[in-house]
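Two forms, one protein chain; structure tokens for each follow separately as structure 1 and structure 2.
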Structure 1
């Protein structure tokens, strides 16, 4: 089985962490009978340096022809890099916005997993962190308040700003379907988060999610108001499996969830369209201050690659083996500098990738 994967090494530490994810994918392929076929394209500052734009149409075409996209990181130091003297539409991050739009990536997946070996870094009380948690936040990515009509006007000498929150039932239905499908691969529970006691958009959200739930009797559905969900994430995160929510709520809740894990360097993410296609990337940035030093943490990118195997290729066993390998090396006491603690052995970026590959 050949996997046609477009890789975007990107900027900063991107090339280093993508190289380690490729290493681990190749090892998983040897063990589980698939062959990753990688094609690299330029995006972000790397593309600006060569082509003068953050993403070319040729690069978009290569990505569209792939089965999935694996990305490192985009951007640089906003105060010193010449990329940020360019107009906003020509800066590195504009390439990311463009590729999301071109690939119709409407479903954002942000897992928040607390590894017991890293529990000491969790900011929650020990009696809460001891229970651990494994959450998948499903955020609608292309609708809602961020994409509605907006205006700023002056009326009677008073400045007035308006932002419009709009969802139609088709936008809600497609993200809900993704949420239930992913719950089937996990603990089979969906918590749909809204503000249905106030907002019409949330009342429609709740109705459509309930309609979708009828087709997934194996999955338990509960509804939760967003303010309560924000509280429950710090009070009892272990109760959650899949959190399904709209764009702005998902933006806020996923950042909250990432912080209670204690280390953003461990967090993967994915953005999916209405097929099996997805773009997979770590949640962290390009860390230009440590680029080229071989000290970056590649685990988030490796876990993003595992998500790719699971959600784009249905290679659940191989994905599980990659995730288990990460847990094993943490249990053995290996750490990169960002997660280093007393009594552990610090390793480089490339050493970490090799150790994880060896454990598959």
Structure 2
């Protein structure tokens, strides 16, 4: 079986971590009888440097023709990189927003879980971290403030900027359905997060989520205001199973949730449309400060590749083997610098990739 995979190494540590994920996928393929056929495309700063734009139409066409996309990370230091002197629509992030929209990747799954082996890195009080947590953030990814009309004008000598937040019921319904479907495979609880005490878009969100919930009587639904959710994530993260929310709230809450795990270098993510197609990437960014030093943690990208095998290719056994290999090397005490602790063995990015590949 041939897997047609488009890779976006991107910027910063992206190329290093994607190389390790390819290594592990190749090994899993040997063992489980599939052949990953990788085609690289440029996106973000890497594309700006060559083509002057963060994503070309040709690159989009390559991604569209693939079965799945595996991405590293894009972007650079926003204060020093020349990419950020360009107009906003030509900066690295615009490439990411464009590919999300072009591929209709409306459902962004961001797991935030506390690894037993890394519990010491969790910044929460011990009585909170002891309970453990395993949260799936379902973030709407192609609507809301990110894609609404915006403008910057000068009116009567006063500068004025506007962004608009719009959702229609279809956009809300399709992400809600994904959220409830995922909850069925987990602890069967959905916390829908909004700002319904202020925003019309949130009031519609709440109504549509309730309508969808009627079709999932096995799943418990609760509503939570976004400010309260930000607080609850540090106070009692164990209460959450699936957090279902709109684009901007999900952007902010997923960073918070990943940080409280203490090991953001471990967290994968998937962005899906309504077919088997998906874009898979680590939850962390491009870490330009450590790029090219072979010290980044490739585990989040390797786990994203495992998610890809599971969601896009139904290769559950191979995905499970990749995840088990990650757990095994952690249990054996191997760590990259970001998750290093006393008594463990520190390894480089490429050594970590090789160790994981060898354990499959």
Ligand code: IPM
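Being a predicted model, the structure only gives us computed values, none of them experimental. C-alpha atoms forming the largest set that superposes within 1.5 Å between two forms make up the rigid core. Residue numbers count along the first chain shown, from 1.
Remark: the form predicted together with the named molecule is the source of structure 2; structure 1 originates elsewhere. Comparing the chain between structure 1 and structure 2, the hinge between its two rigid parts falls at 263, out of the candidates 47, 67, 90, 263. With both rigid parts superposed separately on C-alpha atoms, the smaller turns by 21° against the larger between structure 1 and structure 2. When the rigid core is fitted, residue 217 shows a C-alpha shift of 8.1 Å between structure 1 and structure 2.
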